[in-house]
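The data below hold one chain only, encoded as structure tokens and taken in the form predicted alone.
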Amino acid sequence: MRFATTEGFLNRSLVVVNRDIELRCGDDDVLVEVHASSVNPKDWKLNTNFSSLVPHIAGRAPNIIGDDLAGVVLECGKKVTAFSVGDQVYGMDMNWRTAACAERAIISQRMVARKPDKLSFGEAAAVPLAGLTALQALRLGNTQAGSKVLVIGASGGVGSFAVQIAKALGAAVTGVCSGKNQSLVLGLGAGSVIDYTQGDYRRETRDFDVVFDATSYETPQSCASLLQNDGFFVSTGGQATAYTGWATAKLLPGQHQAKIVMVKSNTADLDALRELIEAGKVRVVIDSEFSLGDIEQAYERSKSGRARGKIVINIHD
């Protein structure tokens, strides 16, 4: 089967190119007609660095635009049992072959789930990477009923999910954001908000059980005073990797633990997110929507750092 897809990030700038490419379903794969995808900071923070090297090695850039997708199953591999042609699905895969910002994409059946009925395709496409990151990060921090959780970057894509999921788990949530986003974060379920523009909150002594840095800008050391002795610092990466590596690290003084969330897509966690959404405990915050032809503008919006919630790419109206 041949179709028009997208390639990009050639020479470190976003380029959309139409090209005929033949996609073949593996035994465990589904072919999805993509109705919507979304933008994640990882796309331009990580993928641009890799793809800029590829033309020197292989002569062309790989298909690496987009991880999230929501759409309709067109074809199933021989071993696919959980889905049928016509099913509406959502999910994500950070494998370069996925290229979810395209008319159609191949993805493993283990990395998709049935789309929440109450969500449009655009809303559903905004959930997987950010929602899974938030869910899995809070698990790493052993978040449970009664936990005191601080979410840094609470108005962003990952942070907006983290506030709601932590609240749904029974935690007392404090969000860190700018003052202009205070009402949004309180509306998502945070009990209080810290305006980071009004001073260095990191120097305060607090007793949070979990500090989740959804921005990747903080380190275990910069947030140590915010945690009680047996608390968890969990980060999406960035600066924290210089201090913790890619596994668990101990901090001094006390018994603080620092962890990096390495998000993994799987049907069970996507189903868990769907249940939270269908129960009205999690809603999707959309910052803006763009057509596939305006994808460069979508990435510029993401790079601005001012997005509230997720940025959606509409493939099929």
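The structure presented is a predicted model; accordingly, all values stated were derived computationally and were not measured. Note that residue numbering begins at 1 and tracks the sequence as displayed.
Omitted here: the form predicted together with a small molecule. The next part is about that form.
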Tell me whether 159, 214 and 236, taken together, all sit within 4.5 Å of the small molecule in the predicted complex, counting heavy atoms only.
yes
The unique member of 111, 135, 102, 176 whose heavy atoms fall within 4.5 Å of the small molecule in the predicted complex
176
Counting non-hydrogen atoms within 4.5 angstroms of the small molecule in the predicted complex, say which of 152, 227, 171, 188 makes the cut.
152
Location of the small molecule contact in the predicted complex, chosen stretch of 178-186, 219-227, 115-123, 203-211 [non-hydrogen atom, 4.5 Å]
178-186
In the predicted complex, does residue 42 come within 4.5 Å of the small molecule, counting heavy atoms only?
yes
Residue-level question: is residue 305 within 4.5 Å of the small molecule in the predicted complex, judged on heavy atoms?
yes
I'd like to know if residue 272 sits close to the small molecule in the predicted complex, meaning any non-hydrogen atom pair within 4.5 angstroms.
no
Determine whether any heavy atom of residue 286 comes within 4.5 Å of a heavy atom of the small molecule in the predicted complex, and answer yes or no.
no
